[in-house]
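Just one chain is shown here, as structure tokens, and it is the form predicted on its own.
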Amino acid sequence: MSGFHALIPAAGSGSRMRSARPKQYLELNGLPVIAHTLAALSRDARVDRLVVVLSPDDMEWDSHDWSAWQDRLLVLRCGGATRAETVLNGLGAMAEWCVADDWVLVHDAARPCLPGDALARLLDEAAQDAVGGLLAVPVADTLKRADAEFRVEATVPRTGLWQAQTPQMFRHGVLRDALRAAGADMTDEASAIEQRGLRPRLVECDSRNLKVTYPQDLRLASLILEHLND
């Protein structure tokens, strides 16, 4: 049977947080943001390994206690200048023990509120799909396209539109090949897969699975975590 491995790119600085510390290390309910991310991914026993990809010059990781996940945790210090480079470098290092048909769930380090039922649903549905899939949310709000002066240029119909989230789950070999072909500027693994002519499955999640991007997101994440898996 194919294995399931989570890959967490954690080499970025999170400049939009306006903080001197990378956002994955900011405190959230008494723990670093990434600790909640690891906890969420580890709740499903099917996830064999938690692979965290750090920048080679990361100076903070070793100052925290990660013993709660030591039986499944693998830390790689091969992060790149972009998310795509970090993921691709991580996949390359994983190739020493990961077979091409294993499933890799790429999940944002700063997405700490992943609901357990959504993770289980992704594992169930994407593993039965020939391509793989990703968590996503149907777009509920009316969308406006702006011009250069920040005036409304057009209203974009939201029918059929989804907001992509993570994890995004694909076969190791297929994902590695897709990212190699897509280039370093790809911000979304599913987009790289799409460029190969494949159509990933959308697995519905909800707005609790937010990505911590701005300072106010930490306060919202704190509230979500208090009742996430009630």
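Bear in mind that the values here come from a model prediction, so they are computed numbers and not experimental data. One rule holds for the numbers: they count along the sequence shown, beginning at 1.
Another form exists, predicted together with a small molecule; not displayed. Remarks below refer to it.
*Asks:* Quick one: which of 122-130, 94-102, 154-162, 109-117 gets within 4.5 Å of the small molecule in the model of the complex, going by heavy atoms?
*Replies:* In short, 109-117.
*Asks:* Does the small molecule get within 4.5 angstroms of any non-hydrogen atom of residue 89 in the model of the complex?
*Replies:* Although the small molecule is absent here, residue 89 would stay clear of it in the model of the complex, with no heavy atoms inside 4.5 Å.
*Asks:* Going by a heavy atom distance of 4.5 Å, is residue 143 a contact of the small molecule in the model of the complex?
*Replies:* Residue-level check for residue 143: no, no contact with the small molecule.
*Asks:* Can you check whether residue 211 is within 4.5 Å of the small molecule in the model of the complex, heavy atom basis?
*Replies:* Yes, residue 211 lies within 4.5 Å of the small molecule in the model of the complex.
*Asks:* How about residue 221: is it within 4.5 Å of the small molecule in the model of the complex, going by heavy atoms?
*Replies:* Taking the distances in the model of the complex, the answer for residue 221 is no, it never comes within 4.5 Å of the small molecule.
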